[in-house]
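Take a look at this one chain, the form predicted alone, written out in structure tokens.
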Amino acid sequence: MTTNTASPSPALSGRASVQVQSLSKTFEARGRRVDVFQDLSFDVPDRSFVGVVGPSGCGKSTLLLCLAGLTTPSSGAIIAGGTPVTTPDPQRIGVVFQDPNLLPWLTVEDNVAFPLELKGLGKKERREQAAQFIQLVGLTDFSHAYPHELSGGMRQRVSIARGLVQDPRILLMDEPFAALDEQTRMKMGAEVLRIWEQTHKTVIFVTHNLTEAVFLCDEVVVLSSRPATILERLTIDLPRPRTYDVMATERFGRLRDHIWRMIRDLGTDQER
């Protein structure tokens, strides 16, 4: 259910890029059954930016792993671009994790090009494609730097470029700014919006930060505590392009507070 009645973002009016159909996930942990989420169903429109929030431990990251094909759901289905997701497919679905996971012995250029090397592309083609996405994230001057020579925000930019280099239609982001300080986090959020507006990807963004969710997203899917169900799908009816000024508006505060009130008493188990 979407509680506000304002006109949806234009991005929400297109066809579905991702369909989550009656998805459930159960683990067996130390001899007991753990139901992570149950019967989740929602669509993500093409070219939209959709956030997933909820209390710690509700299975947000597990849901993203299922969407990426890295974890198999217990029941239900995920359809991406009209095709079921059953295994990882980085050419169709890219993933940016909380930890950049860069290879320390490789330069920025070689880290970004690494997925292309695994595909067997030649060195010249790898470098040309990597250079495009390094430029997109604003790191051309650091192409030959190593990870230890970069700030945390710069390393995360490299991770985003690596996630985009195979030109996937869908980009999944799992708390990509969680380890950054508040100023860097805000700047990275604005950078991600800029990149999204240029690339027209469909983005699914998992976060604990409600300000971040409202600032970035067209829609926020709010999950309950475990076993998670969908409490609400909230349309973020704020104009685009967005600037930091929108955070000071009354509408922004009401949207953020509405989400907070829904999840504040739902539990504080550790995230899986």
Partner chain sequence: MGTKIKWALLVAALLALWELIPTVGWINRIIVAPPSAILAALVQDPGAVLMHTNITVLEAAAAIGIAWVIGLTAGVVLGSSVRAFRFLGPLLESAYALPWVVLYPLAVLWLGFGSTSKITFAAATAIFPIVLSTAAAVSMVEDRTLLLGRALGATRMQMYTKVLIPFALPQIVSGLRVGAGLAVIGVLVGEMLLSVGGLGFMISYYRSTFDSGHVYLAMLLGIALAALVNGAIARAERRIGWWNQASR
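Bear in mind that the values here come from a model prediction, so they are computed numbers and not experimental data. Numbering follows the first chain given and starts at 1.
The form predicted in complex with its partner chain is left out here; the points below concern that form.
- With the partner omitted here, the stretch from 196 to 204, 181 to 189, 133 to 141, 88 to 96 that lies within 4.5 Å of its partner chain by heavy atoms in the predicted complex is 88 to 96.
- The closest heavy atom approach of R157 to its partner chain in the predicted complex falls outside 4.5 Å.
- Contact annotation for G82: none of its heavy atoms lies within 4.5 Å of its partner chain in the predicted complex.
- Its partner chain is not drawn, but in the predicted complex it has a heavy atom within 4.5 Å of E117.
- Mapping the unseen interface onto this chain, P104 counts among the residues with a heavy atom inside 4.5 Å of its partner chain in the predicted complex.
- Contact with its partner chain in the predicted complex, defined as a heavy atom within 4.5 Å, holds for exactly one of L65, V222, L238, L216, namely L65.
- Residue-level contacts in the predicted complex: of P55, G69, P45, P227, one residue has a heavy atom within 4.5 Å of its partner chain, and it is G69.
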